[in-house]
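Read the single chain below, which is given as structure tokens and is the form predicted alone.
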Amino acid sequence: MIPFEEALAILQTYSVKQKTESVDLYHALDRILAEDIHSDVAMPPFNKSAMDGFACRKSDLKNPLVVIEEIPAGTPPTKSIGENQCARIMTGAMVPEGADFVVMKEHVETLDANHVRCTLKTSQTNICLLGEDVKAGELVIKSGTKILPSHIAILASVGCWLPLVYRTPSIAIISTGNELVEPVVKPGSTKIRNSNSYQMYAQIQQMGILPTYLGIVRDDQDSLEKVLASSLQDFDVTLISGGVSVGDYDFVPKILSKLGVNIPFHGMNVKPGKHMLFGEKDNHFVFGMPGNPVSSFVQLEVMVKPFLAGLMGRDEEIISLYLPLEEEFVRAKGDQLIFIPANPTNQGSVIPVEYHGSAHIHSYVNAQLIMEIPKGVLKINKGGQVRVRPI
């Protein structure tokens, strides 16, 4: 058994960015940019009216003004503004030559069909100047940025319809075990429903990845070898639930070795999930997680998700923070790092959720945090700081 921190460090050496691909803006959300984005135009591309009103010369505001034309948005002006002249202008329209001011229409009195007068003294020009937001050629989004809705708007505005992004890994999910049946089946006396696959599927979906579920594989070496060999060839990452412990029917490690998979670690000094396995072959990766639902849930959150984030170009660190304990925490043995479900309180502290062990997935139904108790720590007093990770 190696320390959790050592296993995490090993994963980081394998979690390198995938190849790149171009995607259209409809499918760019939450992807990671693999190129710097520069604007091909200035923004605004011309002196633009910020209001519906009248474009004129500031020096003429105290005088009656003759209206010489109307300028809708998208239509260029045809006349220049001279002394005591103005043009009716719409929001977003190009300000005509000669004008240095736009009076809001709410601040204008109509004298007759062709003449208006400003009724409010103001210094706000209401003109967005050429290039005041972005200059042509300016860097607008850096490579490595996670694309959010606000970035989509920028990409569209600079004509980047097909941004270059890091490729999303293809992921297969497998559950093993003779005792498993699918959720649509009512289990008999020796069977249980397969919840792990669907739990892992949902966790992966949270990252913006649509995995492929390959079904339940029985505890049969030939069947399991066939499925794993195919998955290693067809997918970037394979997630296996069950079959990785030390029982007589835990065939996964043996089969992976037979298939030529390098296994950098199998087993960590951590609970839940101590029998977790990580393997690699020709840049294809395998995570074997214990069949207990809490083990697979927790280790997917704290180990697999950061690994996948690295493949996708997401360089952000694991989100974690330290909060004070709401009540004293005591355990009998401190020989392992442990993860337990917890919740924040209204006072800004954290309190553990009732937890019965690695089969008690119901404890995580209402939990918002995973709380970490380091190896060697038997007691933490009320108010003591603990590390937590949002779920």
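Throughout, we count residues from 1 along the sequence that is shown. Because the structure is a prediction, the values reported are computed rather than measured.
Not pictured, yet referred to below: the form predicted together with adenosine monophosphate.
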Subject >> Residue contact check: I192 to adenosine monophosphate in the predicted bound form, 4.5 Å heavy atom >> reply: yes
Original post:
Taking the shortest heavy atom distance, is L232 within 4.5 Å of adenosine monophosphate in the predicted bound form?
Top reply: no
Original post:
Should P293 be classed as touching adenosine monophosphate in the predicted bound form when contacts are defined as heavy atoms within 4.5 Å?
Top reply: yes
Subject >> Touches adenosine monophosphate in the predicted bound form: S157 (any heavy atom, 4.5 Å) >> reply: no
Subject >> Contact assignment for adenosine monophosphate in the predicted bound form, among D250, E301, D133, E280, heavy atom within 4.5 Å >> reply: D250
Original post:
Quick one: of N126, T168, Q85, S175, which gets a non-hydrogen atom within 4.5 angstroms of adenosine monophosphate in the predicted bound form?
Top reply: S175
**OP:** Name the stretch, out of 263-271, 137-145, 105-113, 175-183, where some heavy atom lies within 4.5 Å of adenosine monophosphate in the predicted bound form.
**Re:** 175-183
Original post:
What residues of 139-161, in sequence order, lie within 4.5 Å of adenosine monophosphate in the predicted bound form by heavy atom?
Top reply: none
